[in-house]
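We give structure tokens for two forms of one protein chain below, kept apart as structure 1 and structure 2.
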Structure 1
């Protein structure tokens, strides 16, 4: 095996180990209770390796969120209907809202950490706002497209922001912590349905 190939294999292995260690630590603690040193130790790598791979604590948390959202993205692109292609737009819209609520419910503390990190970043740092996170952008684009298919005259970009943004609010995050995901998903369906039926 060449030196370059071995280095790439090591980098892939290190990345997986860091993400797995972060996920395991998050199973028992909130993100703000976990240090980069703890993550590095749990992954069996140096702290410098964690920073080299992910750039910052926010970069690491965002990478983990991307990993967790990958299944939903894959289901939207090529999974079975109604979440995947082949179902009517209304069914896909409802299935997608249900799925987003489920992902947010499972990852609320991680999303809150990302939102907090982006919200407190100084403008001079160049860090993007929460709505610029690739996970959010992908969800927003898909939701906007479904809404536009059902109501082309609607300001679908804004409606998609309102629907997704509500899931970042403290009252809804508290409801998710209390196990009210089904109630939230049902109400989002009602709101979206009322808008597209108007």
Structure 2
């Protein structure tokens, strides 16, 4: 994927403008009420440019989500404990759940959009694999690993899906919207704790 050609300066400028514009619009309205044309207008570019850079609506949203999830990703991979490596698995688990709830809370609408978009795949080879988005996959891998360390007897892959999936569901996103983040983080801890402290 690494191009030999450098990216042109105006292309960079426009890509950033589009991402910023999307962020601003997203802060005000629900994502399904924002059209690609509005985004283009807000960014001061043509609609064609938006699609040229991001491929599709989903591609744009995904790019934005990647950007937003980068910090957490780095903190988990090489940051200081307890989020990063070095702390005991249980501490890392709790820290990670708290962090995920926080990130999800700051990106509810984006996640709702991506979750829905996951079903709509490219019509290229007839039946494209409708995988979850990369950000989710990363979270899931990390969570599975932590759980497996603590309870190797469980179906940790599935438990990780259960824990993360619940955060993506509409009722939870609604609560997050109402600032119930701390309450959710606490209860998620209770649930995970019940699983882990046997």
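Numbering follows the first chain given and starts at 1. These figures come from a predicted structure and were not determined experimentally. Definition used throughout: the rigid core is the maximal C-alpha set that superposes within 1.5 Å between two forms.
Chemist: Specify the structure that is the form predicted on its own; exactly one of the two qualifies.
Modeler: Of the two forms shown, it is structure 1 that corresponds to the form predicted on its own, while structure 2 does not.
Chemist: For residue 143, is the C-alpha shift between the two structures 2 Å or more after core superposition?
Modeler: Comparing forms between the two structures, the residue 143 CA shifts below 2 Å.
Chemist: With both forms fit on the core, is the shift of the CA atom of residue 16 between the two structures 2 Å or larger?
Modeler: Superposed on the core, residue 16 moves its C-alpha 2 Å or more between the two structures.
Chemist: Hey, what angle in ° does the smaller rigid piece rotate by between the two structures, against the larger one?
Modeler: Value: 13 degrees, smaller part relative to larger.
Chemist: State the core-superposed CA shift for residue 46 between the two structures, in Å to one decimal.
Modeler: Here residue 46 registers a C-alpha shift of 3.9 Å.
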